[in-house]
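Consider the single chain below, provided in C-alpha coordinates and representing the form predicted alone.
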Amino acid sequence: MKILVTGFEPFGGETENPSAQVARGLPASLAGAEIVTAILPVTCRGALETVTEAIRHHRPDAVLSLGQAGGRAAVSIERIAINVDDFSIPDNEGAQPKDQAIVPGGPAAYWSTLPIRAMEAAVRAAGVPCQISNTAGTYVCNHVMYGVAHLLGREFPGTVSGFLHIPYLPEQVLDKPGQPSMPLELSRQAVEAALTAIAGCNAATPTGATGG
(Lines give C-alpha, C1' and ligand atoms only; values in the text may rest on other atoms or scores of the structure.)
Protein backbone atom coordinates (compact mmCIF):
# COMPACT_ATOMS: atom_id res chain seq x y z
CA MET A 1 0.00 0.00 0.00
CA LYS A 2 1.16 3.54 -0.77
CA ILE A 3 -0.16 6.57 1.14
CA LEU A 4 0.36 10.15 -0.02
CA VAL A 5 0.48 12.63 2.87
CA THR A 6 0.26 16.34 2.12
CA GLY A 7 0.93 19.36 4.33
CA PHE A 8 0.68 23.11 3.78
CA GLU A 9 3.12 25.99 3.70
CA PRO A 10 2.65 28.74 6.35
CA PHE A 11 -0.17 31.22 5.83
CA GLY A 12 -1.99 34.06 7.53
CA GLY A 13 1.20 35.75 8.68
CA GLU A 14 2.62 32.64 10.37
CA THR A 15 6.24 31.63 9.79
CA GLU A 16 5.60 27.90 10.16
CA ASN A 17 2.85 25.37 9.64
CA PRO A 18 2.78 22.19 11.76
CA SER A 19 1.17 20.21 8.94
CA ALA A 20 4.24 20.72 6.74
CA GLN A 21 6.61 19.93 9.61
CA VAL A 22 4.78 16.68 10.39
CA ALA A 23 4.60 15.63 6.74
CA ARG A 24 8.32 16.28 6.20
CA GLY A 25 9.22 14.26 9.30
CA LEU A 26 7.30 11.09 8.47
CA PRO A 27 9.19 7.84 7.88
CA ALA A 28 9.41 6.37 4.39
CA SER A 29 7.41 3.35 5.51
CA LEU A 30 4.93 2.76 8.30
CA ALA A 31 2.91 -0.33 9.25
CA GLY A 32 3.87 -1.93 5.95
CA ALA A 33 2.76 1.07 3.88
CA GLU A 34 5.02 3.23 1.74
CA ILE A 35 4.70 6.90 2.73
CA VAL A 36 5.22 9.67 0.17
CA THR A 37 4.70 13.35 0.87
CA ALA A 38 4.05 16.70 -0.78
CA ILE A 39 3.88 20.25 0.60
CA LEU A 40 1.15 22.40 -0.89
CA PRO A 41 1.00 26.17 -1.32
CA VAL A 42 -1.86 27.88 0.50
CA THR A 43 -3.52 29.08 -2.69
CA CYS A 44 -6.70 28.13 -4.53
CA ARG A 45 -4.88 27.52 -7.78
CA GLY A 46 -1.57 26.11 -6.63
CA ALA A 47 -2.79 23.73 -3.94
CA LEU A 48 -4.89 21.59 -6.26
CA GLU A 49 -2.31 21.78 -9.04
CA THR A 50 0.40 20.51 -6.70
CA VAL A 51 -1.64 17.71 -5.13
CA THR A 52 -2.97 16.63 -8.54
CA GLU A 53 0.58 16.35 -9.85
CA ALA A 54 1.61 14.32 -6.79
CA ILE A 55 -1.35 11.95 -7.14
CA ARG A 56 -0.75 11.37 -10.84
CA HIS A 57 2.95 10.82 -10.21
CA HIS A 58 2.77 8.53 -7.17
CA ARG A 59 -0.62 6.84 -7.86
CA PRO A 60 -1.23 6.20 -4.16
CA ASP A 61 -3.82 3.89 -2.65
CA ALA A 62 -4.80 6.56 -0.10
CA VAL A 63 -4.37 10.30 0.34
CA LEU A 64 -4.28 11.90 3.78
CA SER A 65 -4.13 15.69 3.65
CA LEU A 66 -2.97 17.58 6.73
CA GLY A 67 -3.71 21.16 7.69
CA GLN A 68 -3.39 23.63 10.55
CA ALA A 69 -6.52 24.49 12.53
CA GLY A 70 -5.87 27.40 14.87
CA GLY A 71 -8.26 27.47 17.79
CA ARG A 72 -8.74 23.70 18.01
CA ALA A 73 -7.27 21.88 21.01
CA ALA A 74 -7.43 18.36 19.56
CA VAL A 75 -6.46 16.62 16.36
CA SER A 76 -9.54 16.77 14.12
CA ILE A 77 -10.37 14.08 11.58
CA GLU A 78 -12.68 15.60 8.99
CA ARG A 79 -15.84 13.78 7.97
CA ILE A 80 -16.93 15.90 5.00
CA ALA A 81 -15.83 18.54 2.47
CA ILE A 82 -18.33 20.95 0.91
CA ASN A 83 -18.33 22.51 -2.55
CA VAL A 84 -17.74 26.12 -1.57
CA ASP A 85 -14.87 28.57 -1.20
CA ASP A 86 -15.68 31.34 1.28
CA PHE A 87 -12.33 32.59 2.51
CA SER A 88 -12.22 34.65 5.72
CA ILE A 89 -8.69 35.79 4.85
CA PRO A 90 -6.84 35.98 1.52
CA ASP A 91 -4.76 33.01 0.42
CA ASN A 92 -1.02 33.42 -0.13
CA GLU A 93 -1.63 34.88 -3.60
CA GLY A 94 -4.15 37.41 -2.30
CA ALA A 95 -7.23 35.61 -3.60
CA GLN A 96 -10.29 35.71 -1.35
CA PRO A 97 -13.25 34.03 -3.05
CA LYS A 98 -16.67 34.38 -1.47
CA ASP A 99 -19.60 32.02 -2.00
CA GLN A 100 -17.89 30.34 -4.99
CA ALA A 101 -18.17 26.69 -5.96
CA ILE A 102 -14.91 24.77 -5.96
CA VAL A 103 -16.22 22.70 -8.87
CA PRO A 104 -19.14 24.43 -10.61
CA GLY A 105 -21.88 21.86 -11.04
CA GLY A 106 -20.04 19.35 -8.84
CA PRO A 107 -21.60 17.43 -5.94
CA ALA A 108 -22.57 19.50 -2.91
CA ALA A 109 -20.15 17.53 -0.73
CA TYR A 110 -17.84 14.53 -0.52
CA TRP A 111 -17.52 12.22 2.50
CA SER A 112 -14.10 11.16 3.68
CA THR A 113 -13.46 7.64 2.44
CA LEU A 114 -10.83 6.94 5.09
CA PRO A 115 -11.63 4.78 8.16
CA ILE A 116 -12.27 7.80 10.35
CA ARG A 117 -13.45 5.95 13.47
CA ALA A 118 -10.50 3.56 13.37
CA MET A 119 -8.21 6.57 12.93
CA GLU A 120 -9.80 8.36 15.88
CA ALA A 121 -9.41 5.29 18.08
CA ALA A 122 -5.77 4.83 17.04
CA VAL A 123 -4.88 8.46 17.75
CA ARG A 124 -6.52 8.34 21.17
CA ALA A 125 -4.76 5.06 21.93
CA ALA A 126 -1.50 6.89 21.19
CA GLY A 127 -2.38 9.32 23.98
CA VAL A 128 -3.32 12.28 21.79
CA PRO A 129 -6.64 14.17 22.05
CA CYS A 130 -8.67 13.51 18.91
CA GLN A 131 -12.17 14.09 17.60
CA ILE A 132 -14.26 13.66 14.47
CA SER A 133 -15.02 17.06 12.94
CA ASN A 134 -18.06 17.83 10.80
CA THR A 135 -16.58 20.93 9.19
CA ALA A 136 -13.31 21.35 7.35
CA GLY A 137 -14.08 25.07 7.05
CA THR A 138 -14.37 26.95 3.77
CA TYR A 139 -10.70 27.89 3.29
CA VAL A 140 -7.92 26.10 1.40
CA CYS A 141 -8.08 22.97 3.60
CA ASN A 142 -11.68 22.28 2.56
CA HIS A 143 -10.75 23.30 -1.00
CA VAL A 144 -8.10 20.57 -1.10
CA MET A 145 -10.21 17.91 0.63
CA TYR A 146 -13.03 18.47 -1.85
CA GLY A 147 -10.76 18.83 -4.87
CA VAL A 148 -8.85 15.64 -4.10
CA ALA A 149 -12.06 13.64 -3.66
CA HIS A 150 -13.40 15.01 -6.95
CA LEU A 151 -10.19 14.15 -8.81
CA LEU A 152 -10.03 10.64 -7.39
CA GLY A 153 -13.65 9.94 -8.29
CA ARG A 154 -12.92 10.85 -11.90
CA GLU A 155 -9.43 9.44 -12.42
CA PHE A 156 -8.59 7.04 -9.58
CA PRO A 157 -11.84 5.60 -8.21
CA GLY A 158 -10.01 2.94 -6.16
CA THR A 159 -8.08 5.53 -4.12
CA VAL A 160 -9.46 6.74 -0.79
CA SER A 161 -8.90 10.16 0.74
CA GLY A 162 -9.59 12.41 3.69
CA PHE A 163 -8.28 15.24 5.82
CA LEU A 164 -6.80 15.69 9.31
CA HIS A 165 -6.37 19.03 11.08
CA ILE A 166 -3.55 19.72 13.58
CA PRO A 167 -3.62 22.45 16.28
CA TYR A 168 -1.19 25.34 16.47
CA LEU A 169 2.33 24.68 17.72
CA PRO A 170 3.13 26.13 21.19
CA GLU A 171 5.47 28.71 19.64
CA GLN A 172 2.64 29.93 17.42
CA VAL A 173 0.45 30.94 20.35
CA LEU A 174 3.00 33.01 22.29
CA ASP A 175 1.25 36.12 20.94
CA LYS A 176 -2.24 34.57 21.03
CA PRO A 177 -3.38 34.43 24.67
CA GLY A 178 -5.94 31.74 25.34
CA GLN A 179 -5.36 29.84 22.09
CA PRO A 180 -4.74 26.08 22.45
CA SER A 181 -1.70 24.37 20.99
CA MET A 182 -0.08 20.96 20.64
CA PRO A 183 3.64 20.06 20.65
CA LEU A 184 4.97 18.93 17.29
CA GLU A 185 5.91 15.50 18.64
CA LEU A 186 2.33 14.83 19.74
CA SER A 187 0.98 15.90 16.35
CA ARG A 188 3.50 13.61 14.68
CA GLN A 189 2.46 10.69 16.90
CA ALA A 190 -1.18 11.39 16.05
CA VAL A 191 -0.55 11.36 12.30
CA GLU A 192 1.54 8.20 12.48
CA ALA A 193 -1.23 6.50 14.47
CA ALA A 194 -3.81 7.62 11.91
CA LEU A 195 -1.66 6.32 9.07
CA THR A 196 -1.23 2.99 10.85
CA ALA A 197 -5.03 2.73 11.06
CA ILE A 198 -5.38 3.54 7.36
CA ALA A 199 -2.80 0.91 6.46
CA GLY A 200 -4.53 -1.67 8.62
CA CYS A 201 -8.11 -1.10 7.46
CA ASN A 202 -10.03 -1.74 4.30
CA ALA A 203 -11.07 1.87 3.66
CA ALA A 204 -12.94 1.20 0.44
CA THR A 205 -16.34 2.32 1.79
CA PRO A 206 -17.32 5.88 2.80
CA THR A 207 -17.05 5.41 6.56
CA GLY A 208 -17.64 9.12 7.01
CA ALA A 209 -21.25 8.54 6.03
CA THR A 210 -21.82 5.93 8.70
CA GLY A 211 -19.33 6.90 11.36
CA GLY A 212 -21.98 8.16 13.77
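Don't overthink the numbering: it's just position in the shown sequence, from 1. Values in this document were obtained by computation on a predicted structure and should not be read as measured data.
Missing here is the form predicted in complex with a small molecule; even so, the following discussion is about that form.
- Proximity to the small molecule in the model of the complex, taken as heavy atoms within 4.5 Å, picks out 66-74 from the listed stretches 66-74, 172-180, 148-156, 52-60.
- At the 4.5 Å threshold, heavy atoms of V42 reach the small molecule in the model of the complex.
- Although the partner is absent here, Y139 sits close enough that one of its heavy atoms falls within 4.5 Å of the small molecule in the model of the complex.
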